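Presented below, as structure tokens, is a lone chain in the form predicted alone.
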Amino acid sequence: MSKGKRIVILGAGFGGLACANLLRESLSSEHQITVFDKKDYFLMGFVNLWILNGKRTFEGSKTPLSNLKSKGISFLQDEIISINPAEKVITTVRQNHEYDYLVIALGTEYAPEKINGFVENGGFNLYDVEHIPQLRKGILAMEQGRIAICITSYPYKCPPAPYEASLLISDILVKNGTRNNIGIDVYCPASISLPVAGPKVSQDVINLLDKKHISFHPSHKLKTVADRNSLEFECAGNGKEFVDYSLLIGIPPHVSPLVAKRSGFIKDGQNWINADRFTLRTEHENVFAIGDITEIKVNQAVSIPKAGIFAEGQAKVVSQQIIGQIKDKACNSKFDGKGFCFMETGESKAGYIDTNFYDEEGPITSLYPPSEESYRKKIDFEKTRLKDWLLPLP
């Protein structure tokens, strides 16, 4: 049996934390597990919506990554500068680190600057938790006007999130007594609301919006935020449309961390790391890539969505493979392409989305009607994972 392996995990999101904890549960302390991240805290993306509707605060929702120490996992807050798979070395701002196994789980970064005028004209990034408290203030201060929610490009994280946001914002305005004076519009570049889920679920989503009088505008690609009151869209057939708005919420373009391209993991013509769809192995020895930094094609039109549940599922497969290699035991673990998520609809209810992207007959996605039970399960989802990954053992 091999002794004293060094396992390095880049990124402390869903994939990185799940992988680190699963490895620690099965490997003795002689094997070192180290997690790197630029942030010193973990916060699930969907908590942004709870901060938006006033149920949580930003500071009160952070869980320190230093808690990993209580699990027997090392954590280093640092930025990755380069990855050298030939030498099995990563370089951070502070120093070099050697590894025997490497898991790249760096996620995505946001590029709102790619939308002309978005930053300069005060657009809010729905996915940047630091924007959310100010966004909430802006919504509550509105007495009339229009809120524009714009999906700017694909892929983006957690596909239902913009629609969840629109439904929760409607609830906020109802409670604030201003809903009748404020319109809510959702714009997306595609012809349906959730291309990754297909036309049936996409129509189910639109039906939920219709019930709350939220307008959906397909085939609208945001080109320019002309000023603080006007948007320019490119529409189907290369037409242009100018729209007035009062408050702008954007899902900005997502890009892979620069270090992945700079280190040769993303080739010319690619935007994300290519990993094996079943094993998550890259072309480099003992290097795996999981989660949002990857692009795993299901077919020509569909890739595995960028969502935490898929990163977690991939982490399970990767950890089992690493454990198998270290213990010299056969491992046939494969990522099955299955996942789920909750789509919050307001009034303490949530829909449940179930998916199987590797079904033999093609991807299958179902949206189950909103219920209080699914909302409670969403709350438990966060609690369970925080307990398993970051809270000290009793």
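Computed from a predicted structure; not experimentally measured. Residues carry their position along the shown sequence, with the first being 1.
Not on display, but discussed next: the form predicted in complex with a small molecule.
Undergrad: Using a 4.5 Å heavy atom cut-off, are 38, 107 and 127 all in contact with the small molecule in the predicted bound form?
TA: Looking in the predicted bound form, the three residues 38, 107 and 127 all sit within 4.5 Å of the small molecule (heavy atoms).
Undergrad: Would you point out which of 232-240, 306-314, 193-201, 206-214 contains residues with a non-hydrogen atom within 4.5 Å of the small molecule in the predicted bound form?
TA: Every other range fails; the passing one is 306-314.
Undergrad: Check whether residue 24 has any heavy atom within 4.5 Å of a heavy atom of the small molecule in the predicted bound form, and answer yes or no.
TA: No.
Undergrad: Indicate whether the small molecule has at least one heavy atom within 4.5 Å of a heavy atom of residue 346 in the predicted bound form.
TA: Contact with the small molecule, no.
Undergrad: Spell out, yes or no, whether the shortest heavy atom distance between residue 225 and the small molecule in the predicted bound form is within 4.5 Å.
TA: So residue 225 does not count as contacting the small molecule.
Undergrad: Just checking whether residue 45 would be counted as a contact of the small molecule in the predicted bound form - the rule being heavy atoms within 4.5 angstroms.
TA: Contact check for residue 45: yes, within 4.5 Å of the small molecule in the predicted bound form.
Undergrad: Answer with one of 52, 68, 367, 341: the residue that has a non-hydrogen atom within 4.5 Å of the small molecule in the predicted bound form.
TA: Result of the distance check: 341.
Undergrad: Which residue among 148, 168, 151, 80 has a heavy atom within 4.5 angstroms of the small molecule in the predicted bound form?
TA: The option sitting close enough to the partner is 80.
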